[in-house]
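Only one chain is given next, in structure tokens, and it is the form predicted on its own.
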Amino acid sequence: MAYDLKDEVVVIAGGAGLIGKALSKAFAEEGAKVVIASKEGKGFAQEIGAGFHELDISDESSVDRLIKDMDKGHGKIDVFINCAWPKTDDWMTNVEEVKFKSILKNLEMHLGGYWLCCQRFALYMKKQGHGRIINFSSTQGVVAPNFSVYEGTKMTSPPAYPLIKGGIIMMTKYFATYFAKHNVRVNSVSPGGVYNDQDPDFVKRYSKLTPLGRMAKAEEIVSPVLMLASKKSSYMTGENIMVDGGWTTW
């Protein structure tokens, strides 16, 4: 237990997703009291000995109910991690065809949901006198997508994605400075591409453009998050940590 997280109450939004599962397992192994907050994943939570609470990050009543229940059940929330990824059914639509209402809906659910969670959890942590919030952004919150990696596949970089992920980084900095005097630290992590059985041509092109020559494994995103959640990062706030195999270095 290298990160001194034993008995810390850690709420992970999206904790049953690709990266979320790796995070949930790691925090549980560190002795934290993990609560997976998601629309699904109760079975996975039981499997690893974590709690589960249904959550829609873009719904005020859902977020408020989660915080109220955590306070009632645990008396504190030490860490909130947001790696939820709400999206519309037409998410993978290119820029020529995407509807404006789809852009607005994705901004509302994803970026708006992150803002709502940051506000509510930061206010709760201000009241208790401490807390750490960790948001998930992406390389595409920092640099533009390289569209050549998608050629010949059914994949693309959804037009709303960089708007959302860039916004999350600046939102993180805003909350970090606003709540710093209340001992609430807010940081973000920006993963590069994580392997998830994507089109082989995409994987090959993406890997060639990455200095380390491959895509990430979900488990490789975990350590920076553990560090940000722990006291080992006590002088870090407002930071965005790239975990991208060097993608953004050239």
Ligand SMILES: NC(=O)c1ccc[n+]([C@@H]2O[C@H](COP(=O)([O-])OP(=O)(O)OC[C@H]3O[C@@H](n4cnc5c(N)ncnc54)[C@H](O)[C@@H]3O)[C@@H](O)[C@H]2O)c1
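Predicted, not measured: the structure shown is a model, and the values here were computed from it. We number the residues from 1 along the sequence you see.
Note that the form predicted in complex with this ligand isn't included here; everything after this is about it.
The stretch that touches this ligand in the predicted complex, counting heavy atoms within 4.5 Å, is 135-143, out of 175-183, 135-143, 148-156, 95-103. Although the partner is absent from this view, residue 124 stays clear of this ligand in the predicted complex, with no non-hydrogen atom inside 4.5 angstroms. In the predicted complex, at least one heavy atom of residue 85 sits within 4.5 Å of a heavy atom of this ligand. This ligand in the predicted complex is approached by residue 38, whose closest heavy atom lies within 4.5 angstroms of it. In the predicted complex, this ligand stays beyond 4.5 Å of every heavy atom belonging to residue 69. In terms of contact with this ligand in the predicted complex, the residue from 226, 16, 242, 9 that brings a heavy atom within 4.5 Å is 16.
Between this ligand and the residues 30, 199, 220, 56, the one pair within 4.5 Å by heavy atoms in the predicted complex involves 56.
Interface residues of 143-167, taken as those with a heavy atom within 4.5 Å of this ligand in the predicted complex (partner not displayed): 161, 165, in sequence order.
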